[in-house]
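Below you will find one chain, with nothing else, as structure tokens; this is the form predicted on its own, and questions on how it binds or moves follow later.
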């Protein structure tokens, strides 16, 4: 086994989730992540915890969704499992990234709504999502598998305490600030973050990580923004997304590619038309855009905004949490742009305030 897989497993159990003796651990993974699952089981065994592995596959999910008729209900047995879990580790390793592309967006939205209680329960635990290198992801990134493995492990095998310390100064600016201004090509957007809480994402919930994020006040977002990086959502690639906000809500939208998929996303529920997150990527070890949001949203010199659900830990006292069955991140390159908090420049042309 590649020794980097073992190191990956050690980081997940030690740094990301802090597995302890007696913990109930749920691992969700596909067959191509077998080696990482084995390495995790070894580390979990050393800790004296109790693991269970669930098979996860977009192709199997597609088979279900293409043949199910009727109204989706929350699967209570799955919810019960998550309620009993202390730690949840999800491993992305699908061999076919387009497996869901022929499932109607409305079907995916209704399925997502039914499973929302499960997601909420998962997010109340010690959880982490990660990536095991596959040929499918390598092909999407335009790399050989060996090259992609190097890319993944260069992003994962880092000194996460050092990352934490660097990002803490950015978190402090968000916590102290009130108004955010974002400017760039075809972009001028304002929002309030007054009373919200910044999160130093240092590998505890995503591995790799490297971002600081918060939630906007739900009715405060105004202006226009162009997302110049593509995203893959529900098996479809959406490019050139433009959004116009008034009083926190999307009032106009367009996309150069797969606009219908964007429309389906916005129609999921009322919260899908509002922003749940403002994120700032800091990980310059991720310097190639790979169409994998786990990596792409962490790229240095970028910001990302998420339509839909806000994370509860970002919501300050007496502030409203945006509720939705979705959380869809969209990325903007800030190598030519400006982000200010109140009157202070936080990022300009891809450089942070401590670099200017």
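Keep in mind that what you see is a predicted model, and the values were worked out from it rather than measured. Numbering follows the first chain given and starts at 1.
Just so it is clear, the following notes concern the form predicted together with another copy of the chain, a form of the same protein that is not shown.
Quick check for you: of 59-67, 299-307, 286-294, 314-322, which stretch puts a non-hydrogen atom within 4.5 Å of another copy of the chain in the predicted complex? Looking at the partner contacts, the answer comes out as 59-67.
Find out whether any non-hydrogen atom of residue 123 is located within 4.5 angstroms of another copy of the chain in the predicted complex, and reply yes or no. Output for residue 123 is no: heavy atoms all beyond 4.5 Å of another copy of the chain.
4.5 Å heavy atom contact, residue 78 and another copy of the chain in the predicted complex: Heavy-atom contact with another copy of the chain at 4.5 Å: present for residue 78.
Using a 4.5 angstroms cut-off on non-hydrogen atoms, would residue 29 count as touching another copy of the chain in the predicted complex? Although another copy of the chain is absent here, residue 29 would touch it in the predicted complex, with heavy atoms inside 4.5 Å.
How about residue 74 - does it come within 4.5 Å of another copy of the chain in the predicted complex, if we only consider non-hydrogen atoms? Residue 74: contacts another copy of the chain in the predicted complex.
In the predicted complex, the one of 267, 102, 84, 176 near another copy of the chain [non-hydrogen atom within 4.5 angstroms]: Of 267, 102, 84, 176, the residue with a heavy atom within 4.5 Å of another copy of the chain in the predicted complex is 84.
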